[in-house]
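Encoded as structure tokens, the following chain is the form predicted alone, with no partner shown.
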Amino acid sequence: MSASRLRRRAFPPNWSARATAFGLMLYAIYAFGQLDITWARLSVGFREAGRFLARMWPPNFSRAELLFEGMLESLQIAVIASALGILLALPLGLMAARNLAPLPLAVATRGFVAFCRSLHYVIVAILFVKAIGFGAMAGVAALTIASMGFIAKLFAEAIEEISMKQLEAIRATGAGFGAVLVYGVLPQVASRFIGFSLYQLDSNLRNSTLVGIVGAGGIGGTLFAAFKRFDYDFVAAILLSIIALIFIAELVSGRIRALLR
């Protein structure tokens, strides 16, 4: 038997995968036509973007006090929302883990977590702005729900992947459920949970800008007002400050992860 026939038998073509990829490619071409995405519009957009960026330079940091107040409020919103979300996600993650909680409780908790994750945090922020008014409280509430849903889901999945042998050994000593959690579950998932929490804090620092645009406090409100006034040099100063804040947060979180290894 020839080598080519052996190769064909060993690695047969996956025609279903190829047909799926071809169908997706055809649909992407169709979607481009339906959305009126053309090279002419893109070229006009690039020219306008160049003019817009030219008006943003040089950045205007003359209103440093207003900029600092907005950045500080965004930082406070992100930290408070992350802390509340983490605290609420701990019990939710335990109740959603199918290897620890009874199946009805795990299914109900997973449904609640999925509900928390079903709406975008900007939509949730708009709802809270309508419910409790403009300000940082609406932003904290919206990002708390987003953090709670995200961390609880990942925490539950991490718990479901732990080794049950350690839990069985602790249970064999007559330890209660609390001792099983402290000595059997948490040591196996602590590093991952800290990683999830640090990632969520980074995410909330960025998200606090967006919720501010809809009136939920933070630097986003200042950024939106600057756009409305066509104050593009101040917009550039705000954007550079946000980038610097995210970069510093990334350095700090990376340092924390290195210390915990």
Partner chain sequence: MQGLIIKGLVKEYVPGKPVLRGINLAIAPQGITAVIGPSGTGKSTLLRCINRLVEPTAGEILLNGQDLVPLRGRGLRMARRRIGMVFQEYNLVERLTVMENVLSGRLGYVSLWQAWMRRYPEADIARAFSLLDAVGLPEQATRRADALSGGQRQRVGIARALMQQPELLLADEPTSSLDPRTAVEIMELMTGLSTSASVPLVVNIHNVDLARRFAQRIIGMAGGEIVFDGPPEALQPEHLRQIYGGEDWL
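Residue numbers count along the first chain shown, from 1. All values reported here derive from a predicted model rather than from experimental measurement.
This protein has a second form, the form predicted together with the partner chain, left out of what is shown; the following refers to that one.
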_Considering non-hydrogen atoms and a 4.5 Å limit, which listed residue (L88, A106, I170, V122) is close to the partner chain in the model of the complex?_
I170
*asked:* Counting any non-hydrogen atom inside 4.5 Å, which residue from G176, G133, P102, G111 sits next to the partner chain in the model of the complex?
replied: G176
*Heavy atoms, 4.5 Å, the partner chain in the model of the complex: which of 114-122, 134-142, 177-185, 92-100 makes the cut? Say which one.*
177-185
